[in-house]
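Heads up, the chain below is alone and in the form predicted alone; it's given as structure tokens.
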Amino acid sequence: MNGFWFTLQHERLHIMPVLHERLEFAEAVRLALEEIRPQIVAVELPASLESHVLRAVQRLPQVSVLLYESSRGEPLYLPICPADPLVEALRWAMEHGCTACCVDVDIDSPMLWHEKLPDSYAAFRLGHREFYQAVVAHGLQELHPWDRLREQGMALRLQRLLGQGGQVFFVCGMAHAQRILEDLRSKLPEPMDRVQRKGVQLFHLHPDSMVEIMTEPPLFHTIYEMRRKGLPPEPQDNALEPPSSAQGRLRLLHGGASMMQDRARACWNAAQWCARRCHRDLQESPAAGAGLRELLEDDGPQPPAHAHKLPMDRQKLLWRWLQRAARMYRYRTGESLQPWQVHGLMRFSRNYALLEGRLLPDFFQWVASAKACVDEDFAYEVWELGRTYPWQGENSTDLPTTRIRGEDLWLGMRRLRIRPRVPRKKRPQAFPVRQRKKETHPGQWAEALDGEALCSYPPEDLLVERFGGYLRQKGVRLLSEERSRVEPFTSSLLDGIDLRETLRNWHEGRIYVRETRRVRGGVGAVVVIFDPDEDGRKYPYCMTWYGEHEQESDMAFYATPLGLKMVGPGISRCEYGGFVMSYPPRRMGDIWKDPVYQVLGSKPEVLLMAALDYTLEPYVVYVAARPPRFWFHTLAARMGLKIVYLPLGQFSSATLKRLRGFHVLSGRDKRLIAKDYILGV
């Protein structure tokens, strides 16, 4: 615990160097104050604003903004947020009956230059002392005359506070700490600064402005506020219980206010859940992170009772944030995050953060990564949860409310447009139409599903066949590109100029040409694995179908149970876990009953083995999130074949979603009525 915070000491004075408005240093201030328990707390804020600042701190957790003007008429803003180290110091002093004071000199000019400092998360990993020493060793900003004026003024006021007796705790920026410590040993002049400032206004900040002007996401402030005096209770997740259709219509008639309350309650529960599980156990290795499987699970580990006394881990907090957003996304859309999507999101956000000199992504990068690697619905859930701050209403009883845009404070704002899907509203029917038939009693449609003469729905067969044809062409094209040859132009253009290679070697002043070598043979079988079904329980329905004409392939697949979801009489909707297609048709046996395949460990391996057995061409395309075992490549080589692996993430999620759903009809007579019950094909 002691390694997490660090102070410079002079007699009875503790100076804590911090980075302003950063979560890690607010945690360090909180933990240090709980251990040192000083009688006087001072911060690096202008003394002329002290009364207004203390009033804003007293309003916490409601966020306030101080607005005043410089002598040149420039508007100056000072937000008062919970997870700010200076604010936390003043707040702790006021709650414990200590003297809280601001000792900075009012220089009447904003400090608008941006210092190039490392990511504050490094302080959590390295330790507060090592972080400070590294920052000092590499140099800070160029010293400005106003800085010296401020530092000498703060040192003088600290000398006077030391004269009052008791322990003094001072929080200031890292750029000033060492020089203030040295100034304390000398006799200092009285600073010529503004003692009192007029025209200072205090406003209640509108919740829509919080995302734009707060350095940390509002969710981090919420979690910090929840953990200040102990862990929040374990939330009851009943807010995510889906309402019935009748209840939903009634709630819409009332303007949807209750639905908004449900969303707010869900975000509150998610924040509570994250607040209980975002600490780092000191017994845990710093390199150990939560596993990907844990991230996709609904439940997380139960925290120890003293977890609020352990520092918050920003990386673990991001993981918990993602975990709850995924749960809300599943509830809103019915779709689940796949491991490859999460893997891509993590890698994308890491690289995005590194490009901007950070160790972990900020709020904008985190939402942009969710949009790029999953979809806009998930990005909306991440953004909605990230902007959660339940104590900030649109209006306040004691202060006027103000809206502040990001452009009012800093330049270079970034915008991200998120367009979540809106449930389609049915248009009113202007003339009577025949309504879809419904079951007269529960289970009526299932009675027509006798399991005999099962067949497919032809429009869906066309869809799958087209995708199979596309994969065959893509596999051949990929092999052809692998075997192509690029060389400098000498006497023949071969198959054309390779512009990419020519531009890459532009400094050589030569033209490169490409020779494309055709692949002998083609792709005879295609295997697509949507879900490997590792526990073997999600997709128990296994079937082999034969092509009904010369243009259709044989197919074997495993899917969700037959009859689980009936959409019409004798019409069951299922979902593929994976399938294999082999052309030409009417050659494939029932692979699920073949004893030769029983030794294989999983259903995807059975499909791949069948593809190798029944292909008449030398190549097999295998599409899955993970490549097959190396043993299959060796076996294919001995059989004179080759497996072409294509990652599942290459394909559009919308296309994969359309392919996965299919319908099983109980007899060909059901094809005549199926169009009345199956939509969207």
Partner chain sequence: MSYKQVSDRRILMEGVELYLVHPDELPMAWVGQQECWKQLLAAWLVVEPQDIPMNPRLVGKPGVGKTTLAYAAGRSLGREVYIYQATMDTRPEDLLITPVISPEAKIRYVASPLVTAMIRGGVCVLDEGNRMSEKAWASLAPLLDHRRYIESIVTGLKIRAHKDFRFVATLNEDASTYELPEYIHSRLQPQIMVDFPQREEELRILRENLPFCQEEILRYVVDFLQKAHEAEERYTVRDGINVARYAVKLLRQSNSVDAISAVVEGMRMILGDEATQYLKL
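Being a predicted model, the structure only gives us computed values, none of them experimental. Rigid core here is just the name for the largest C-alpha set that superposes within 1.5 Å across the two forms. Residue numbers count along the first chain shown, from 1.
Only in words, not in the display: the form predicted together with the partner chain, which the text now covers.
Proximity of G589 to the partner chain in the predicted complex: non-hydrogen atoms within 4.5 Å are absent; the residue sits far from the partner. Contact check for A654: a non-hydrogen atom falls within 4.5 Å of the partner chain in the predicted complex. Taking the partner from elsewhere, P458 is found to have every heavy atom lying beyond 4.5 Å of the partner chain in the predicted complex. Contact check for P540: no non-hydrogen atom falls within 4.5 Å of the partner chain in the predicted complex. Annotated contact segment (heavy atom within 4.5 Å of the partner chain in the predicted complex): 365-373, selected among 519-527, 222-230, 365-373, 395-403. Checked against the partner chain in the predicted complex, the candidates R500, K187, R485, H549 yield a single residue with a heavy atom inside 4.5 Å, and that residue is R500. Only one of E182, E234, E452, E481 lies close to the partner chain in the predicted complex, with a heavy atom inside 4.5 Å, and it is E481.
Within 4.5 angstroms of the partner chain in the predicted complex, the stretch 330-363 places a non-hydrogen atom from each of W340, G344, R347, F348, R350, N351, Y352, L354, L355, E356, taken in sequence order.
Taking 2 Å as the criterion, L503 counts as shifted between this form and the one not shown: its C-alpha moves by at least this amount when the rigid core is aligned. Relative to the superposed core, Y457 undergoes a Cα shift of 2 Å or more between this form and the one not shown. Once both forms are overlaid on the rigid core, the distance between the two CA positions of L656 between this form and the one not shown is 2 angstroms or more.
The pair D377 and K657 approaches in the predicted complex: their C-alpha atoms are at least 3 Å nearer to each other than in the form depicted.
Annotation: R477/Q341 CA-CA distance longer in the predicted complex than in the displayed model, change of at least 3 Å.
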